[in-house]
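Shown below, as structure tokens, is a lone chain in the form predicted alone; questions about how it binds or moves come after it.
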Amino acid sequence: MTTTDLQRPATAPAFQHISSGRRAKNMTATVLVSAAFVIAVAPLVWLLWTVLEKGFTHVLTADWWQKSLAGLTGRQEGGGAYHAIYGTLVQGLICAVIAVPIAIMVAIYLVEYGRDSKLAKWITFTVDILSGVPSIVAALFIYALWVTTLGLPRSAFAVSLSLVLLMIPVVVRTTEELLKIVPDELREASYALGIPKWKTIVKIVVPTALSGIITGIMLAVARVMGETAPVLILVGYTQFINYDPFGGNMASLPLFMNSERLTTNEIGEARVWGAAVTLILIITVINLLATVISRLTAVKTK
């Protein structure tokens, strides 16, 4: 045996035969996983097909996006959902403006400052509770505080406050997990250069995780925009456009669907399906924007 033969690593023998029992187990697992996938996806596909089939024709008209139902009764054709689309976007935007800064600062404190402190444990416990709070409970809490206690009117702003309670835990959890996966070597290198901790967080840690944070924020906004209970409790429906979020009734797509559903005629039913398609399209666009922004803000490694 030569020296070359001794230095050459021995190769593991390839599997020449797979027993029939292993083949059967593999086939069974494949069939079960495929069946579970089909069972999970089939209702979603059926739902999307039904909604698009019955409501897609409405969203193809310009009036649907440019007009409201001002001056129209439930049995009159025409009009559009502009007032409801505007209300949905405004309520979601106000919610994001309030919730996002609070959630990001809470997540930064939990990860960077108070990992083992008692305050951090209480904050984590509170966020866990908020994560499981139903939307109707959040709406009733804001109603008791905003309307009953403070005597302020029902409004779109009150709806946004209830959505804040639903959005904060989602953004906190997303941001917290993304900050945790930022390598500690980046922090240590920054500290070694004499950069303060707050500047390290602002300039190094947050930009590194910014791509995922933005994605989490956009997905949280898309989630709260479809909530129904807060708008049913905290604001009234109107067929007119209302540009004041602090006073008066303001329509939204969930309220629009609920109002037209009560008309119990073909025109109202068609508008319900159209509003459902519109909400799906808005949420889809937000999800696509989240993907694009995530790729544009991702940290380049080369």
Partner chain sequence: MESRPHDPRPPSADQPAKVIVRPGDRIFSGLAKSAGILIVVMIAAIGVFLLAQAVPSLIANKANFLFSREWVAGDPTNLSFGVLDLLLVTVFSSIFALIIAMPISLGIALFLTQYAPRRLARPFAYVIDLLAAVPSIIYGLWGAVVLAPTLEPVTGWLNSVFGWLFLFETGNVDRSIGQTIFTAGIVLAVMLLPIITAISREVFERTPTMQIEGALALGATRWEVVRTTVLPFGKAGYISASMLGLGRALGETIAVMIILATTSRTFGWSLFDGGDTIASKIARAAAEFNDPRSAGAYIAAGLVLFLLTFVVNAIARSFIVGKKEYE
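Residue numbers count along the first chain shown, from 1. In this text, all values refer to a predicted model and were calculated from it rather than measured experimentally.
Absent from the display: the form predicted together with its partner chain. The rest refers to it.
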Can you pick out, from 94, 178, 214, 165, the residue that has a heavy atom within 4.5 Å of its partner chain in the predicted complex? 165
Would you check, heavy atoms only and a 4.5 Å threshold, whether residue 273 touches its partner chain in the predicted complex? yes
Would you check, heavy atoms only and a 4.5 Å threshold, whether residue 194 touches its partner chain in the predicted complex? yes
Is there any non-hydrogen atom of residue 106 lying within 4.5 Å of its partner chain in the predicted complex? yes
At the 4.5 Å heavy atom threshold, is residue 233 in contact with its partner chain in the predicted complex? yes
Where, within 223-241, is there a heavy atom within 4.5 Å of its partner chain in the predicted complex? Residue list please. 223, 226, 228, 229, 232, 233
